[in-house]
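Next up is one chain by itself, shown in structure tokens, the form predicted on its own.
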């Protein structure tokens, strides 16, 4: 595991890490010079901001260096990555490669890049994040972590100023933030005090801060210790502290964020993550002042966010494994990776890039400060959270969390029954997977 942090050097915000990476010798990617027929690679991609656009642009250089290769970036909604991609892969109709967030859960379909890459360079560059893509005896090199993210809170600082209420301090608890957000909303006639994305991943950090363990003594998934957070979260949805429709307005495990409510100035405190910085920077503009305050603390003593992000993987069903591996390896090279991180304003998982520092392009002072704040929270990530992100069963657990919490919020189940059924659902899912 590594620690990443932001520093200011000569007025420029850059990212640093406590470990240095060894830069691999540049690899030649001239695969098909003089090829008679084009080799088409389909890259399924979703964007939090401008990621797919940047990849499409950067890969034109790969195509220029490799005549006959055509990398088509198919931009899809995030929901398609969550729901459609697994179905396509199971049916054998998936793309050649994709940007994914279910890192371990899709491992059975991944192309092992080991025969095609310099594994020493990858070890030095991506460290512990490589394990997030490995499951059981499949311990190869499967994914390049393209975005390192961490969950945390965005706050409308203008509303606090208008209300004449001081923001809670750095070690403030969830309860203190709830009280402050309610007071600000009441004083400014703002519709929603707080919101958390409808996502099992998003509530994991807060749940850990309330005592959730997520693993039993044998390392299997578990909802032990989840009930204290569940009870508090349901109560906040019932009393209006949380924007109830974010969770109650959707069915099943459907993802829903509250970014637009925050952007519209209708929300005081919004718990989401670092991938939203670009969106806030572009869409809030000078409408109001916003800040990132990280993850509040819970009664279990933790103040943990949830790490994560996205990675780029190839799939075994591709007809062009060498080309797919070469495309991913190209994006993994330090100069290319650094360019993408700078242009997309994402925290890099590449240790060499983080060590050298990233000069984020077109980032406003608010965005630079936000990235600083998110990066400063990385050392506080609970080991449970880091392990949970790499757990192959986490996608099932995320879905179970959303479905059962939502049922408690709308009154279909008591909190105790909802948590009990989470455990039953997980046991059934594990039995099915085995």
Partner chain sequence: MFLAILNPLMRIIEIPMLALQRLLGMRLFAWAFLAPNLILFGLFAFLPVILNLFYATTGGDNVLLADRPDVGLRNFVTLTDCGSYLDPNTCREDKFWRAVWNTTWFVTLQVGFMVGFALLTAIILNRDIRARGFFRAVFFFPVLLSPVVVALIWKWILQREGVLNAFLDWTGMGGINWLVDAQWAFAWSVFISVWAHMGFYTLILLAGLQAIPRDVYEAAIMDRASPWRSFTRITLPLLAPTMLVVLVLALIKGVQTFDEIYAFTGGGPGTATTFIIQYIYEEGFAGAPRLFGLAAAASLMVAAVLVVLTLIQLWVNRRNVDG
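Keep in mind that this is a model prediction, so the values were computed, not measured. Residue numbers count along the first chain shown, from 1.
The same protein has a further form, the form predicted together with its partner chain, not shown here; the description that follows concerns it.
Only one of 259 to 267, 278 to 286, 123 to 131, 316 to 324 places residue heavy atoms within 4.5 angstroms of its partner chain in the predicted bound form, namely 259 to 267. At a distance threshold of 4.5 angstroms between non-hydrogen atoms, residue 119 is out of contact with its partner chain in the predicted bound form. Although the partner is absent here, residue 396 lies within 4.5 Å of its partner chain in the predicted bound form, judged by heavy atoms. Within this chain, residue 244 lines the site of its partner chain in the predicted bound form, having a heavy atom no more than 4.5 Å away. Contact check for residue 192: a heavy atom falls within 4.5 Å of its partner chain in the predicted bound form.
This chain appears without its partner; in the predicted bound form, the one residue of 169, 301, 217, 252 with a heavy atom within 4.5 Å of its partner chain is 252.
With the partner omitted here, the residue from 357, 225, 86, 115 that has a non-hydrogen atom within 4.5 angstroms of its partner chain in the predicted bound form is 86.
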